[in-house]
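There is one chain below, alone, in structure tokens, taken in the form predicted on its own.
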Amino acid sequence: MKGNSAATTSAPSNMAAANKLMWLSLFFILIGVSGAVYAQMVGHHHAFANTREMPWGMLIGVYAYFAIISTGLCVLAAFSHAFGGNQMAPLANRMVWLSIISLLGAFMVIGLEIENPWRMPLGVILYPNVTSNIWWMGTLYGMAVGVMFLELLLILTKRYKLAIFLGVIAAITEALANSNLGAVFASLQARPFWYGSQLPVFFLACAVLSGAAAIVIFTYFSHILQKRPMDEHTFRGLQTAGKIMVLMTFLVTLATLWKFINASVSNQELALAADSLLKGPLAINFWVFEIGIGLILPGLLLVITRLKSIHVLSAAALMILVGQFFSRFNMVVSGEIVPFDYEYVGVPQYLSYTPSIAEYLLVIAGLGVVGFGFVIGERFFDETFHAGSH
């Protein structure tokens, strides 16, 4: 009788907490859309802090942030579904849904960022440009989210073989879209700090790191929201995600180190862009948030605790996601911060960029979409998420 009464009293409190989070997420979306409406009224060139010299700002980085998380979740879900019996299998169904809502968050940000959002879907369909990395990126991400919705529907209807097949297709599509996203930057020869073949592969490494961190933190939040003790299978899955985080923090740190070694022996413009992160206007963002909080500290915590504490796992995952947010911001800004005519007398060594309030509001809208989607998933797909452990 005590167990039944506890269940009946905790259910309303769980529902109340979920309702509060849902309304908070909707409020985030509302104020984000209000920022976009303001930008449409006064003009994007007035509402946003972008200039002709720095045409891309924080919102491009935030779009990449959500899209990269989606790719990581989709790839890890496909591996977990396709190779059954592995320890991450209990997390796979939730990863599919989280990948969808992360990509929807990315679409929300980029859709509100561009001046004529209605032209984007029409242009992709009616005026395809197969020589454009941006066209392929948008097309592939659009295909991926459609395939993942079908995959989720098949999982809900227990048609698992076809769901696994579509999951693999979605993972391949997202990986190609993610590499195209990196190529959007890497193919710009006029921006030496982006240019080269490293960035598309670096984005894929960051995707796996971010996806592993996202499934840990959202699974942890789910158990808090549902007031449900974590079973052994789920915890082992999170430990496997923790192992992936340890490996990927090392690899991403190594790739970052080599990027700066290459910059130190290259031309002056590339060296100046690197110095903007090492000791220039982006140094705090880089050393404190991207490297310290985002890579070194979580890696050390996971190794020291040997993945035995769910609280440390979730804290490390949160730090990685914060660090990856700053990593995308730093990447976008550092590639543009050196003026083209930096060698001339009177030209500043670095351009200045501070995001506007409207840009911050659009970031909040993206977070609202992800938060709202998380609550919807917990409310309607909880049985499907939990069934992944059986």
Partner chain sequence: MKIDDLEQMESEDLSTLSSAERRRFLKIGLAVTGMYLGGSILSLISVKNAHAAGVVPEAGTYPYNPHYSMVLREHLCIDCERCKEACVKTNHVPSYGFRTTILEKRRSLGEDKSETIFVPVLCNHCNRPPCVRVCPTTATWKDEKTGIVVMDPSRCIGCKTCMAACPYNARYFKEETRAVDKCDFCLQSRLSKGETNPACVEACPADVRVFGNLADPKSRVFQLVHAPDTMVWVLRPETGAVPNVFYINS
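Residue numbers count along the first chain shown, from 1. Please read all numbers here as calculations on a predicted model, not as lab measurements.
As for the form predicted in complex with its partner chain, it is not shown, yet the points below apply to it.
Its partner chain isn't shown here, but in the predicted complex, which of 361-369, 48-56, 321-329, 65-73 has heavy atoms within 4.5 Å of it? Selected stretch: 48-56.
If you check in the predicted complex, is Pro128 within 4.5 Å of its partner chain, heavy atoms only? The answer is yes: Pro128 has a heavy atom within 4.5 Å of its partner chain.
Give a yes/no on whether Glu269 approaches its partner chain to within 4.5 Å in the predicted complex, heavy atoms considered. Looking in the predicted complex, residue contacts with its partner chain include Glu269, since a heavy atom lies within 4.5 Å.
Find out whether any non-hydrogen atom of Phe27 is located within 4.5 angstroms of its partner chain in the predicted complex, and reply yes or no. Outside the cut-off, so no.
Heavy atoms within 4.5 Å of its partner chain in the predicted complex: does Trp135 have any? Flag for Trp135 set to yes.
Counting non-hydrogen atoms within 4.5 angstroms of its partner chain in the predicted complex, say which of Ile172, Leu104, Leu251, Val288 makes the cut. The residue from Ile172, Leu104, Leu251, Val288 that makes the contact is Ile172.
One residue of Thr256, Ser187, Asn262, Ser309 in contact with its partner chain, assessed in the predicted complex (non-hydrogen atom, 4.5 angstroms): Of Thr256, Ser187, Asn262, Ser309, the residue with a heavy atom within 4.5 Å of its partner chain in the predicted complex is Ser187.
Who in 338-363 is close to its partner chain in the predicted complex, meaning a heavy atom within 4.5 Å? The stretch touches the partner through Phe340, Asp341, Tyr344, Val345.
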